[in-house]
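Let's start with one chain on its own, the form predicted on its own, as structure tokens.
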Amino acid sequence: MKIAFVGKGGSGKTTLSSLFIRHLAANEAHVIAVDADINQHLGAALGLGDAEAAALPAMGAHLPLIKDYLRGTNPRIASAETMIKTTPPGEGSRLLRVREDNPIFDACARTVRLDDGDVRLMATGPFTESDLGVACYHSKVGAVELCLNHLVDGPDEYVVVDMTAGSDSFASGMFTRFDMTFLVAEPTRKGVSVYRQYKEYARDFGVALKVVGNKVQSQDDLEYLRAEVGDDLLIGVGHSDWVRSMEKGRPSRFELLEADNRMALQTLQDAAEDSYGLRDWERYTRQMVHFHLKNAESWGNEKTGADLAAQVDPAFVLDERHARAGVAAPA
């Protein structure tokens, strides 16, 4: 299942996503973690040193490889150069699976060893000096969107994405790629403002959204969040000595995380699993096509010099039948 963590800058979404990833690994789940935030801190939150985190390969730098591999033998895609971030799979496209080895994972993913298991970590990569003033960060996040469009996942497999802050997540169709979106909100007016934006933007797309209250210090904080977000409030998380030690670079073993925080993480997992059980593969594919056609008309056709609408395979639906096959088959 695919899970996103969103929220305003400083809300604690990277910390909570890293705790959730550790929780999944401790429960022996198969996990791919993706740092898609402009501020690349997920590696450090998972225990990597500064040098290790800086050495993570940037997905954006491997975009030509990603496109070439995913294109496969899809006859509707004339060349890898005509693929854009929203290009959907069709017959002949190569698909990704969480547990497999493939050239994309070889180039872009690194294994992070946690206390109770290993996870694969991928990162979009930070802005470089050559990007400043000429590039948009969403061009880097496009590599993540393209991979998510071609990834078939099962109920015991997790892709956890630490998204860029605020409503910037809506600059592409990637916000529809997730079975569950956890919005991390502090119990303040600013904390819930992003929730209101997200709720409004996502309203017409069937996005499963739950609020995780963070930095909750009292019952009044919890009641404030519930009054502001209603039934979308899933759980509140308070102070953690374990997290404070982790942020100082001196984490204890994950099994020593406070019991109430471990229970909160299990609540997140249960909510994600419930939402995955409701996934509508036809709608999931239809949304891919919707955003691809919008991007094609807006800028893609002009940039590539091709009619990108022709890349859509009208008979193709990405679904669980593809979980055991490396190449997309006809419907």
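For clarity, every value in this text was computed on a predicted model and none was experimentally measured. Start at 1 and count along the sequence shown; that's the residue number.
The form predicted in complex with a small molecule is left out here; the points below concern that form.
Only one of T285, T304, T267, N39 lies close to the small molecule in the model of the complex, with a heavy atom inside 4.5 Å, and it is N39. Taking the partner from elsewhere, R120 is found to have every heavy atom lying beyond 4.5 Å of the small molecule in the model of the complex. In the model of the complex, no heavy atom of R110 sits within 4.5 Å of the small molecule. At least one heavy atom of G9 is located within 4.5 Å of the small molecule in the model of the complex. At the 4.5 Å threshold, heavy atoms of G72 stay clear of the small molecule in the model of the complex, well away from it. Exactly one of the stretches 80-88, 188-196, 239-247, 112-120 approaches the small molecule in the model of the complex with heavy atoms within 4.5 Å, and it is 239-247.
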